[in-house]
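Okay, so here's just one chain, in structure tokens, the form predicted on its own.
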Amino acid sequence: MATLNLRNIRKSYGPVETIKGVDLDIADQEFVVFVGPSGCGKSTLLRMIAGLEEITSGDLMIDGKRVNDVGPADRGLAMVFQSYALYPHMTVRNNMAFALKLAGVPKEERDRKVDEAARILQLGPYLDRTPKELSGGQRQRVAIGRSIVRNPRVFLFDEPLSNLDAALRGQMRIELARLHEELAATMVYVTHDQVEAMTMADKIVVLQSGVVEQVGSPLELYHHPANLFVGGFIGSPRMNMLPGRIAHVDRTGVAVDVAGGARIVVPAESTNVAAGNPVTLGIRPEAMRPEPAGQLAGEVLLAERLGGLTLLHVTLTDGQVVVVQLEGSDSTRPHQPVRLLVDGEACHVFNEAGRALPHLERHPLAA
């Protein structure tokens, strides 16, 4: 397969810059996901890698070779789009073999490659069917198979599951992860769905307005978000964000005063913050639970019973609503007064500029 290296990649449409200096290294056989809200530039960046969008400035390298001026067909990449784009009058076999036929590949070799792709994608029983006889998930697998037969150096996926229903998306996530392992392929995948990113990626690239906000493994981004945007974007349900002020700082961390006079102590570095500074306290839904001695007081607005877990929407005394994630057996009812115990060690503190204060490292022998 291949490595990808992006060096200060920029894209402008006239005076408007949409990709603003992206630096990124993608290792051989890595599954990298570009994620971010609509309009953040993730699809544009993918199309620049594919050669479908011109690079305004910067360098794109595949296996160490600069390819800015190399055409899409000669980069050794294969792209799977949101639209299946299958030929409706052709069978599955012919759809998958068509590009090879145009390239003059002998029929025996075409059949071998199609049969191997069909085995990998479990499409063997459907090779003689036309697209109208397939489900949405099967059509998407055919589109992926059309890429596999070309034996590309890198697979590019542009929101390939967006047209599928929730159950099929879950199934296809598993199949794509299995496919990545079987092919030992380098894959770059674009999605706006952070659940897809968390479940499939080796490495996630979080984008906002053409800027890379953070790069890391799914758990790195979840437990150590670099800023407010990443903290709020990664995780479902979303991180709760409470405005507050630094009460005091010491070597054990920072104390933050939030709604109703509650004080939460977080083991975070106090560099560049001082008592009285405005901050934002980030609390994951699973970092709170109802307890009589809890720091936060409020009233349950809504209880979502989801089977294995329950989500409580709680209105705090200052009117803010937070989401609390509990076990499915929790019996808390709507309109019930509640106090929430917050696990300060699992919280995050973001300074006035929105940057996260790094967590203090805990050493086993520390007092």
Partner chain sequence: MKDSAAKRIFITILGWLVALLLAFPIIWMVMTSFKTETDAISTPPLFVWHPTVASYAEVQERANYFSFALNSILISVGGSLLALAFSVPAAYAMAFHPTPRTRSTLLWMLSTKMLPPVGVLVPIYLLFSSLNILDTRGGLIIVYALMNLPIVVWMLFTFFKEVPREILEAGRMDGAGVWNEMRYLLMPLTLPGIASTGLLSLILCWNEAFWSLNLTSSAAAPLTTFIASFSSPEGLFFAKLSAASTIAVAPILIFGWLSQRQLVRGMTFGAVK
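In this text, rigid core is short for the largest set of C-alphas that superpose within 1.5 Å between two forms. Quantities reported herein were computed from a predicted structural model and do not represent experimental measurements. Numbering follows the first chain given and starts at 1.
Not on display, but discussed next: the form predicted in complex with its partner chain.
Colleague: Look at the candidate spot formed by Arg47, His89 and Leu102 and say whether its partner chain comes within 4.5 Å of a heavy atom in all three of them in the predicted complex.
Modeller: The answer is yes; Arg47, His89 and Leu102 each reach its partner chain.
Colleague: Just one of Ala247, Val195, Ala85, Leu168 has a heavy atom within 4.5 angstroms of its partner chain in the predicted complex, so which one?
Modeller: Exactly one residue meets the criterion: Ala85.
Colleague: Note which of Arg93, Arg153, Arg289, Arg150 lies within 4.5 Å of its partner chain in the predicted complex, where distance is taken over heavy atoms; exactly one does.
Modeller: Contact with its partner chain in the predicted complex is made by Arg150 alone.
Colleague: Does any heavy atom of Arg141 come within 4.5 Å of a heavy atom of its partner chain in the predicted complex?
Modeller: Output for Arg141 is no: heavy atoms all beyond 4.5 Å of its partner chain.
Colleague: Is there a non-hydrogen atom of Leu52 within 4.5 angstroms of a non-hydrogen atom of its partner chain in the predicted complex?
Modeller: Yes, contact at 4.5 Å.
Colleague: With the partner left out of view, is Ala73 within 4.5 angstroms of its partner chain in the predicted complex by any non-hydrogen atom?
Modeller: Judged by the heavy-atom cut-off of 4.5 Å, Ala73 is in contact with its partner chain in the predicted complex.
Colleague: I'd like to know if Ala118 sits close to its partner chain in the predicted complex, meaning any non-hydrogen atom pair within 4.5 angstroms.
Modeller: The answer is no: Ala118 has no heavy atom within 4.5 Å of its partner chain.
Colleague: Could you tell me which of 277-285, 94-102, 292-300, 180-188 sits within 4.5 Å of its partner chain in the predicted complex, going by non-hydrogen atoms?
Modeller: Stretch with heavy atoms near the partner: 94-102.
Colleague: Of 59-82, which residues get within 4.5 Å of its partner chain in the predicted complex if you count heavy atoms?
Modeller: Heavy-atom contacts within 4.5 Å come from Pro72, Ala73, Leu77, Ala78, Met79, Phe81, Gln82.
Colleague: Once the two forms are fit on the core, has Ala103 moved its CA by at least 2 Å between this form and the one not shown?
Modeller: Yes, shifts by 2 Å or more.
Colleague: Superposing on the rigid core, does the Cα of Pro131 end up 2 Å or more away between this form and the one not shown?
Modeller: Comparing forms between this form and the one not shown, the Pro131 CA shifts at least 2 Å.
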